[in-house]
Every structure is written in structure tokens, then in C-alpha cells.
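Presented below, as C-alpha cells, is a lone chain in the form predicted alone.
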Amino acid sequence: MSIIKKLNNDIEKLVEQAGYKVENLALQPSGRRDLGQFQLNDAMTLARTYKKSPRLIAEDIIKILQQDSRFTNLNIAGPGFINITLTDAYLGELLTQIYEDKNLNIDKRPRKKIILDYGGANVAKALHVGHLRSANIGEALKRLATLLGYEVIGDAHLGDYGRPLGLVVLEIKKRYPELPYFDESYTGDFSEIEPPITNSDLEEIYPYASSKSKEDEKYLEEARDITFKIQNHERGYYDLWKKVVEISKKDIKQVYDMLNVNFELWLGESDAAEYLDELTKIYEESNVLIESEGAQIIEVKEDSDTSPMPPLLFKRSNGTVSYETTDLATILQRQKEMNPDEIWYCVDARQGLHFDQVFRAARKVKLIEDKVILEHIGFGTMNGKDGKPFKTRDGGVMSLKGLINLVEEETRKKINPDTVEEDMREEVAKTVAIAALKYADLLPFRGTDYIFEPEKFADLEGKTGPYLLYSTIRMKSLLTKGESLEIGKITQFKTETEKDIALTILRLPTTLNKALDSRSLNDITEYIYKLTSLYNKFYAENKILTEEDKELQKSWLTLTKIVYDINMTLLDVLAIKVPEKM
């Protein structure tokens, strides 16, 4: 239990001593620091319960609070708002406890198992800017939920089983018809054959094949046929498909590694294929599959719907399964193999209809236990200055590698050549570039679109990742220089800025919980910027290492260490690495 939660509980008991029963009491940060640090608004609610003036109730509560040495400047504002200030001694004591045990500033939740489906990379396609938000938000949510006590399993859930792979294999066949994969008489071991294809080739092949399929119906029909052969594990085609997946997955992992995104599972749609027969049997026995123009569909419309809800396509007329069906098979797989309490899908908000259909179809036949929560965590798009999805300078879709390189060009300009050795500058520039990208991506509420400006977000000043890195590195440098000085206890405060920092530190548990409940990291990005800015103000106002009052110096160093630890914790939650220098 966090210190601030324990304080809430203590005040709740004091309110009971005053004669009033209140549940879920919560101290609120005061908007009027001249009146108090915190505000207690429960007298307004109690007035309705006890049929009594809220001001009279507030007066009763104040009388009890005044007997507690931890509180000072107790007063009532308006009709019954109670203002509370913590004594400097008690505030220092709370921070000292946090210095000694960081867990005292975190509220752990009851354990539950969550599968977090994010990333969404499609095999044989280049990762582009559209994949950035799923990777960043998903990874940060996973780390946040883990910090707060959940067991979270991140799954890349690669797109590796649909028509795009059929198109790629078809085009390889067109270009290399002599490959043994396409020779029905070949009886050798395909695992020993390497196709003459690189990931760069795949990134060119798919757009070409996709474009051609839109213009050539015969070509498209061939791709559908090959997709059917792959999904039915036909020798040769299936073996080539596996090689293509292997080549592509290696490159995908490299890009995710650059973003500091780490999956516990690297499963794809194809990994749920073994459950397709069982899935089909479940739906057939439930009599919910409907024949429609040679295809099979599932009606998912409900009486309460106020907008159109099309049926879910279960199987196409050519016998191939849909993306929706592989998602259903994956739910069945996860239920049987991992037995989760919740499954979260961190996917573009524009996929909302898809997940409505899938979730309804899953519930319709009790594919998963009723108690298991299925949740789509949608997000907006990253746009350019024109307000449209971020593009290359020539208007094409920008790859993630290209975006990282673009930002790296800007961050390279910020590296201090006097402090960072030449052989380390490229690595530091890349680390700072990733921080700039991630912080900018997580700064707005996830549901909103936002404009990304490389020059702005790579700046060392303002609300940016590089600003946070630079400030955190400076805190570490200060602590290193002060290693021989006494640290470990806060006994006094000299300025209001220090108290502002202390009160902001105490708000960390609320911020973390709010971020997890909203499934958005913007509360954390705002919090770490505010805390860092307050600390930088304090740093500019005081000469910490040369302070002659040793007790004050010890308090300042301890405060610095607490802020540094919080920054490192939150930057890690955001999956942002901190370089040694920059």
C-alpha cells in the first residue's frame, strides 16, 4: 500500500471518530495552495447522508484533525471544503520512507493474467509509421501493468496467414519458377533450400504484387489459390511460406529492438491454425454459421444496435479463412493454453468494428469464459504538419526505419561533442531519437490524432524526450559528484519549490493508477515533465554541492535521489532508455 493511500485510510478513520462513516475517501490536490496542500470534499456527500449542513460536518471533522500532529493550517472554505496541510516534519518523514523503499509510492493491484496483443506487424511488409503507436503504447501499457502487479504476456501476433502471403509467394513463383518449391516431382527436404530472397526483396515484392492484383483479376485468383494451399499446408508452397516468414520476422525483430519493444510471444495468425477445425466444429454445433453466396458468415447484430453491424465473415467462398476467423481461433488458443483473465488488443481505433464483430462472435458460442474480459485499446494516428498521416517527403508511406533515421538526424545535432566521445555519438543519437519519438507518441491521449514535428520533439527544451533525458542525466551526475556526502533523510525544506516537488512525488500512485485505468500514457508523460521541470527550477535556485548547512544539503540530495529514481522508473515504463551522456 502506498504512503498516500495509507494517509487516506488514516484520515478516513479520523472522520469516523468525528461521527461520520465515509467510504473511499480521497485527498484531492488543492487548487489554492494559500489555503492548503490538500482538499477534502467529503462533507458535501456526507451532508446528504446525515441530513446536516456540510459546514457543520466539516467543523466536526476539523476538530478531530486538529488533534493530530501531522496536520497544520486546517481550515474550511466555501460551504464545507476542508483544506489540509502536512507539517514539514511529516512531509519530510514521508519522503524519507519513499527514499528507503520505492514500493511505498506504488499501489499494487490484485494479481491477474493479461495477454496484450500489440505490434501488429505483417510478415513480408516493411514496418511503417502506422506500426509505431501500437508498439509504443502496447509496450508501455505492458510495463505499467507489470509495475502495478499484473502478469502481462505481450504477443506480437504477426499477420502471417492471409492473402498478402499468397501474393508474395505467387510473385516469387513468377520470378523464380525454377525453384523446387513449385516442382511437384521434387521429393527432397525443403528445409535445406534457401530461396534467393532478402527482406529488402520482400519489401519490394509485396507492394508490386498487391498493386498488380488490383488490376489483374487472373493474378488475384492465382493468389487466392496459393493462399488456400498455404493455409492447407500444401507441400512446397507451405515450405516456401515458412521461409518467407522466417526472413521477414528477423527484420521485424530488429526494428522492434531499436524501439526497445520486447514481446514475450512471437506468435502469428498461423499459430492458431491447429485450432481451426475445433473452432469450426464449435460454430457448426451451435448452428450459428450461415451460408451466404458460397461463404460462411455469423450474424453478430444485437437488438440494442443503433448503427449497422455487418455479419462476420467466417470462411470465404474459395475455402480460405478470414482475418476475423484467425482472431477467433487465437482467442480459443489463448483460452486453452494460457487461461487469461483479460485479453487486450492495442490496435488502431479504425479497427473498432472488426473487434466488435470478433468479440460478439466469441461470446455468441461461449468461446471464452464469461469472466474473461476482451478489450480493444484503440488509438489515433500520427500525422504530419498537413494534418494527414505522416509521409515521406515525396508523399510515400514512410517506413519506421526511415522515421527513426529522420529523427536521428535532428538529435545528432544536439549531442555535446565535449562530453560524448566520437565513437559513441551515433549510438547516443539513436537512443535520444527513440526517446524523442516515444515521448512525442505517448504525450497525447492515445485516442487522439497528433502532429509529429521532428525538429520540435528532438529539442532539448520544452516537453520532449531529449529534455527529460538531459535532466535525468544531470541528476545522476549530481548524485555521482556528491557520493561522499551524507544522504538518506529529509528533515527540512527551505523553499516552496521543494514542497511542490514533495507533493508531486506523493501524487505518483494516483497518476500510475489513472494511466492504467484509462489505458493511456499521457498522464505519466505529463507527470514526469512536471516533476522534472519542478526539479530543474529547484536545481537552478540552489547550490546543492556547496551548501554549508549539512542537514539541508542531505535533504536536497535525498530529494534529488527520489526524483531521479522516479524518472528512471517512469522512463522505463515508457520503454525509454537513458544514455550515460548526451
Ligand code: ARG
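Quick caveat: nothing in here was measured; it's all calculated off a predicted structure. When you see a residue number, it is the position in the sequence shown, counting from 1.
The following text describes the form predicted together with the named molecule, which does not appear among the structures shown.
Chemist: Taking 4.5 angstroms as the heavy atom distance cut-off, pick the stretch from 181-189, 116-124, 165-173, 479-487 that is near the named molecule in the model of the complex.
Modeler: That would be 116-124.
Chemist: Only one of Val347, Leu403, Leu367, Leu86 comes within 4.5 Å of the named molecule in the model of the complex by heavy atoms, so just point that one out.
Modeler: The option sitting close enough to the partner is Val347.
Chemist: Of the options Thr381, Thr497, Ser210, Gln351, which one has a non-hydrogen atom that comes within 4.5 Å of the named molecule in the model of the complex?
Modeler: When the named molecule is considered in the model of the complex, the option within 4.5 Å is Gln351.
Chemist: Looking in the model of the complex, is the named molecule within 4.5 Å of a heavy atom from each of Arg133, Lys430 and Phe457?
Modeler: Not a single residue of the candidate spot has a heavy atom within 4.5 Å of the named molecule in the model of the complex.
Chemist: Residue-level question: is Asp327 within 4.5 Å of the named molecule in the model of the complex, judged on heavy atoms?
Modeler: Answer yes; at least one heavy atom of Asp327 falls within 4.5 Å of the named molecule in the model of the complex.
Chemist: Might His157 be said to contact the named molecule in the model of the complex, defining contact as any heavy atom within 4.5 Å?
Modeler: Close contact exists here: in the model of the complex, His157 approaches the named molecule to within 4.5 Å, heavy atoms only.
Chemist: Is Tyr323 close enough to the named molecule in the model of the complex to count, meaning some heavy atom within 4.5 Å?
Modeler: Yes.
Chemist: Tell me, yes or no, whether Phe355 is in contact with the named molecule in the model of the complex, where a contact means a heavy atom of each within 4.5 Å.
Modeler: Output for Phe355 is yes: heavy atoms within 4.5 Å of the named molecule.
Chemist: Taking only heavy atoms into account, state which residues of 214-239 are within 4.5 Å of the named molecule in the model of the complex, ordered by sequence.
Modeler: Contacts from 214-239: none.
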